[in-house]
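In the block that follows, a single chain appears as structure tokens, in the form predicted on its own.
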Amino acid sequence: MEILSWILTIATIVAIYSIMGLALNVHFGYTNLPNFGIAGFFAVGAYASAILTAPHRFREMEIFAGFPGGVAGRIEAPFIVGLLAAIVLAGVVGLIIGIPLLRLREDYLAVASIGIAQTIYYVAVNELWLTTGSAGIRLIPMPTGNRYLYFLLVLLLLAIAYWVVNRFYSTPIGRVWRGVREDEVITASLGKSIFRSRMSAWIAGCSIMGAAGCLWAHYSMAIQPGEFVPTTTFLVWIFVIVGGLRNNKGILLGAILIMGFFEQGTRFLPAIGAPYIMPAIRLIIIGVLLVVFVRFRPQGVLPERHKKIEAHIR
């Protein structure tokens, strides 16, 4: 029974991270937008849903949080409201941030997105009236009341995200995104707005990351700012690169390999020497894998499959 629970935990985490990997594929794989602020939008989704759905009795944590006035009143909304709020708020934050950021060149955008994620992190730490700071938000309800059923819910939302992202690839807007990725000058010469195309991809990816954050909050049933750090962002980048950037099946495979086996599965290996040695070895292995793939197979395990799409001149 313990083994089954262990497998279920890993499978749920892999599924949630896979949703973030699909979102990154929309940003960088389809449109060449290097987003290193994944943890920030992940946090926006998690906090949006947690704040709306956490029970009012969370006020009991005021004493623990150590500040007067305490926690803002909770409305105890159902899970679906929290999920929709996470998707919409992450998209709105992406829109607001994207207005100045998406006019930057790709390398500057990458650096700026790291700063945005850190800004969101410090907001979560310091806005005690809303997030209770480093104390975090607890008692977040799991909508199914059962981890097995919740895993099925996460799988359902992963399937929806996979279908949506896959559909983007062959739709007109997806073709424009890939045109922007390959050559902005030619795409602009065809009358397409580069900024609007980049913005639509940016908002779509941010919204999907927000949905993943919501699922994480309701699975862990407690969140705090320390969970939304750059390590989260880099793990997503690693398994996307290893699995196969621009290939959604490759992203799922990369999530299973990196998140399921190396990052989560090895947590239960017997300790070697000091307690900190095994975690360090685990991260070293993941780092070595990244270097090997970037050097010898940059397209990943499953590279992009080019589909033949007929051009229609209207």
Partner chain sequence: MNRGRKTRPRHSSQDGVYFAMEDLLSYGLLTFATLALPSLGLCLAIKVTKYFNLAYGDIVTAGAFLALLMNLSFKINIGIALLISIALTALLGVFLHKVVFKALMEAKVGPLTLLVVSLGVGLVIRNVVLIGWGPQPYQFNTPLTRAKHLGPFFFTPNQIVMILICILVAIGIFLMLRYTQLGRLMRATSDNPSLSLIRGISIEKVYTYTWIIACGLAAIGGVFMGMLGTIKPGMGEEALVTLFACLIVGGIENPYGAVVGALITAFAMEATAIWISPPYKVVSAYLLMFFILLIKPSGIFGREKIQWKYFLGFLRSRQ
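Numbering follows the first chain given and starts at 1. Please read these numbers as outputs of a predicted model, since none were measured by experiment.
The same protein also exists as the form predicted together with its partner chain; that form is not shown, yet it is the one meant from here on.
- Residue-level contacts in the model of the complex: of 144, 118, 166, 200, one residue has a heavy atom within 4.5 Å of its partner chain, and it is 118.
- Among heavy atoms of residue 85, none comes within 4.5 Å of its partner chain in the model of the complex.
- None of the heavy atoms of residue 78 is located within 4.5 Å of its partner chain in the model of the complex.
- Interface membership of residue 55, defined by any non-hydrogen atom within 4.5 Å of its partner chain in the model of the complex, is ruled out.
- Contact check for residue 159: every heavy atom lies farther than 4.5 Å from its partner chain in the model of the complex.
- Heavy atoms within 4.5 Å of its partner chain in the model of the complex are found in exactly one of 102-110, 86-94, 171-179, 149-157, that being 102-110.
- Looking at 6-35, the residues that come within 4.5 Å of its partner chain in the model of the complex, counting any heavy atom, are 28, 32, 34.
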